[in-house]
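Only one chain is given next, in structure tokens, and it is the form predicted on its own.
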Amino acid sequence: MVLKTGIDDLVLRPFRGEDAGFYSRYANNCNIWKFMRDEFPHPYTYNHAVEYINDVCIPNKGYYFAIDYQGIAIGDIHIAKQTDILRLSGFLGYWIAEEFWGKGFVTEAVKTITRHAFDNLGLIRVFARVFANNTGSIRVLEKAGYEREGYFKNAIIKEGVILDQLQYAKLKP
């Protein structure tokens, strides 16, 4: 399933094995890693990309998408469907290659996958958590219509620094 966005040549599509080269090239960036969970390795190798694509993305088609611009995977966006009493909620995660920052691509990708979550995945709520100092990601979520619903002080640690975390969510209309 390919999801069209409102930007020409920008689509969300299933990952393919051949995306590993671009994925590892773009993901191996400290400016991306510094706002990611520690489970996102740095340096990010080709083997990391192959494992992630084969073990996580391909088996979860419909939930994990490559952000594709002009035929090249330039990022990752996904919804992790929650379970049990949270089963109608999805956790949103994303990143995009630094050279594409500030072009509106991620905002458009977030809007697109959120519509997909509501229209096709049976979800009624999508939420994301961001580092409080990640102003770019905060702006993306706000421009995509997400509302801040939580501010968690001293909630995370990255590189030995304790940081605050924000939670944003969007509800199905």
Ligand SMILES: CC(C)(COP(=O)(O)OP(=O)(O)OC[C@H]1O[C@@H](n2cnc3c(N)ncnc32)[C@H](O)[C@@H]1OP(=O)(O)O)[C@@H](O)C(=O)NCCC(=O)NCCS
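We number the residues from 1 along the sequence you see. Source: prediction; values computed, not measured.
Just so it is clear, the following notes concern the form predicted together with this ligand, a form of the same protein that is not shown.
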Check your understanding: If you check I53, V140, A27, L123 against this ligand in the predicted complex, which one has a heavy atom within 4.5 Å?
Key -> V140
**Study point:** is_contact(F35, this ligand) in the predicted complex, heavy atom dist at most 4.5 Å
**Key:** yes
Exercise for review: Indicate whether T135 is a 4.5 Å heavy atom neighbour of this ligand in the predicted complex.
Suggested key: yes
Check your understanding: How about G71: is it within 4.5 Å of this ligand in the predicted complex, going by heavy atoms?
Key -> no
Point to revise | K103, heavy atom within 4.5 angstroms of this ligand in the predicted complex | key: yes
**Study point:** Residues of 71-101 having any heavy atom within 4.5 Å of this ligand in the predicted complex, listed in sequence order
**Key:** Y94, W95, I96, F100, W101
